[in-house]
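Heads up, the chain below is alone and in the form predicted alone; it's given as structure tokens.
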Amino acid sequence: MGVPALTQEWMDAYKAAILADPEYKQIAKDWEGSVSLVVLADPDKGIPETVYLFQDYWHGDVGDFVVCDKEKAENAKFVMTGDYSRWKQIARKELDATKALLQGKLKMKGDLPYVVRNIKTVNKVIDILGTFDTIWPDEV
């Protein structure tokens, strides 16, 4: 049975999947900083309001993974914003997150050169996102 996307239960499953990954700790040893994913409202797809997801990463450890308010999300070191459909495509490996940023399909606030230097870490956490069964709001 899957986990409903964009819920606290989903964030807990995502954090557990990252912690369970045997390579994550080594790959992410140099990463410092929180990341927020902002999923823009799309009532037609079952997302009535914008959803804010805060994730805290620190040298291979994982801190808070929470659904939060706009203020907390905007105080993350990196804030990535996109449409629900884009995030779903990324989770399903139908769209590469780096390409999405470069093509303007996702927007990022934060230090882009830092992200580029640590792209293996970024790619690893995105790969893990698609490893657990998710129930998407527009498929219910």
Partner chain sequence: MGNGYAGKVLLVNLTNNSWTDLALDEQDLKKYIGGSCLAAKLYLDRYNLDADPLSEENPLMIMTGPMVGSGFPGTSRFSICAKAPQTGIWGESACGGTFGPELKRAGYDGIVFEGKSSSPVYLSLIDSQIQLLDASHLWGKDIYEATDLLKSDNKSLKVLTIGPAGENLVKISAIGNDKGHFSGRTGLGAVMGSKRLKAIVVKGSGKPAKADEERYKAAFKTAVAEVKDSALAEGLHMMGSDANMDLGMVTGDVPIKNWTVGQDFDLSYNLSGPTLSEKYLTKAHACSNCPVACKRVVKVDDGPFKTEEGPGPEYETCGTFGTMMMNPDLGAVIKANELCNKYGMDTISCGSAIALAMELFEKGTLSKDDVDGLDLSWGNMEAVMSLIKKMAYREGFGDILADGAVKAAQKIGGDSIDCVVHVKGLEAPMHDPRGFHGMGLAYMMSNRGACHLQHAVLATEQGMASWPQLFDMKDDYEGTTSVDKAALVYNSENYGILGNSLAICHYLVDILKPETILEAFNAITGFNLSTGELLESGMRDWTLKRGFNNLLGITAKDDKLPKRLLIALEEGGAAGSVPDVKLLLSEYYAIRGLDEKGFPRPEKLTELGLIELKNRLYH
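Every value quoted in this text rests on a predicted model; they were computed, and no experiment measured them. Positions refer to the first chain, counted from 1.
Not pictured, yet referred to below: the form predicted together with the partner chain.
Enquirer: Examine Leu102 and determine whether its closest non-hydrogen atom to the partner chain in the model of the complex is within 4.5 angstroms.
Expert: Leu102 belongs to the contact set for the partner chain.
Enquirer: I'd like to know whether Ala20 contacts the partner chain in the model of the complex, with contact meaning heavy atoms within 4.5 angstroms.
Expert: Outside the cut-off, so no.
Enquirer: Whether Thr131 contacts the partner chain in the model of the complex should be assessed with a 4.5 Å heavy atom distance threshold; does it?
Expert: Contact with the partner chain, no.
Enquirer: In the model of the complex, is there a heavy atom of the partner chain that lies within 4.5 Å of any heavy atom of Gly46, even though the partner is absent here?
Expert: No, no contact at 4.5 Å.
Enquirer: Scan Leu95, Val67, Leu40, Ile27 and let me know which has any heavy atom within 4.5 Å of the partner chain in the model of the complex.
Expert: Contact check passes for Leu95.
Enquirer: Among 53-61, 84-92, 70-78, 31-39, mark the stretch whose residues have heavy atoms within 4.5 Å of the partner chain in the model of the complex.
Expert: The contacting stretch is 84-92.
Enquirer: Hey, with the partner chain in the model of the complex, do Val3, Met11 and Lys15 all fall inside the 4.5 Å heavy atom range?
Expert: Per the other structure, none of Val3, Met11 and Lys15 touch the partner chain.
Enquirer: Residue by residue through 103-117, tell me which have a non-hydrogen atom within 4.5 angstroms of the partner chain in the model of the complex.
Expert: If the 4.5 Å heavy-atom criterion is applied to the partner chain in the model of the complex, 103-117 yields Gln103, Lys105, Lys107, Gly110, Leu112, Pro113, Val116, Arg117.
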